[in-house]
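Below sits a lone chain in structure tokens, taken as the form predicted alone.
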């Protein structure tokens, strides 16, 4: 046992995994969560017994073998192949009331059946061999052409981010947008993909089962002196402008899931065509519908459909602008926070590092930061500090 004390701020995936890895290594770990539950944005809830996701769809997928072994050990094992549909209108005056349901990412074999295909085909033939562009719009247009961009991407992006796509960074485009020619209908290409039947709550609770957790703990930079007296190091997974009590210093884009219960005739019944159905058209204010019952396979009468409304003042998505200003400000906040502590401070996860990452990347981040903490604490111990 090392006896060294580690504080972890936040009990989402990153905080939970970092805390568990350090506890398993013999450190005295305390995970502090500001809400009354663990799990962060990945957490599921129930409505009339139906499992749904109040913070949007969270499908676990990874090709990282170490991450896969870790989640398997905590009960995340049920295979699931995630497929997404998009309801599109081919022109502003398209009078098809329900739109057309197409695969996401767009599939060339499906596109060939559409009346816009001749224009799309000409544009595809003139594209560069590799996508280019500093901003999101230029990059995606260079990937799929203007017509497909306008049908699938333009208005969805405007709703999601509340600003022109020309102001957004192209850095996250390769991870989020693709044009497929291979007929693969699954959204993800990772080796492993799971969805737990009751949501991810039980998995994260298993991760934290051997770790001391303090709920309803509102920890901020104001607690720096106390944390420094009671612990030997601290890992921060919270948003830094929130932690530093300087709201507005960073730009975030939040969502609100408007969730409604729907009765069904059959126990396994659903009411939307897919777990996730993108709705890029400006004819509706939301960006997509999420019906988690497609993924859980829950055999229960009734279902819950959530409409994902963008533009709320919550910290769901970092806004990665073409000029990188928000990332630079986050790095400055990290330096300012670290300078206030008398103990080593580490930052990990989506919120604290201001990155647009998936669950498996958050777990890998947690593993890496835990290993750094352990190595640094060992060095400090050996140096007699």
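Positions refer to the first chain, counted from 1. Computed from a predicted structure; not experimentally measured.
There is also a form predicted together with a small molecule; it is not shown, and the following applies to it.
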Heavy atom within 4.5 Å of the small molecule in the predicted complex, from candidates 182, 218, 222, 113, belongs to 218
In the predicted complex, the residue from 167, 307, 242, 123 that sits within 4.5 Å of the small molecule by heavy atoms:
242
Of 312-320, 330-338, 22-30, 64-72, the segment with heavy atoms within 4.5 Å of the small molecule in the predicted complex is residues 312-320
Is there any non-hydrogen atom of residue 369 lying within 4.5 Å of the small molecule in the predicted complex?
no
Can any non-hydrogen atom of residue 357 be found within 4.5 angstroms of the small molecule in the predicted complex?
yes
In the predicted complex, residue 362 touching the small molecule (heavy atom, 4.5 Å)
yes
When the contact criterion is heavy atoms within 4.5 Å, does residue 373 count as touching the small molecule in the predicted complex?
no
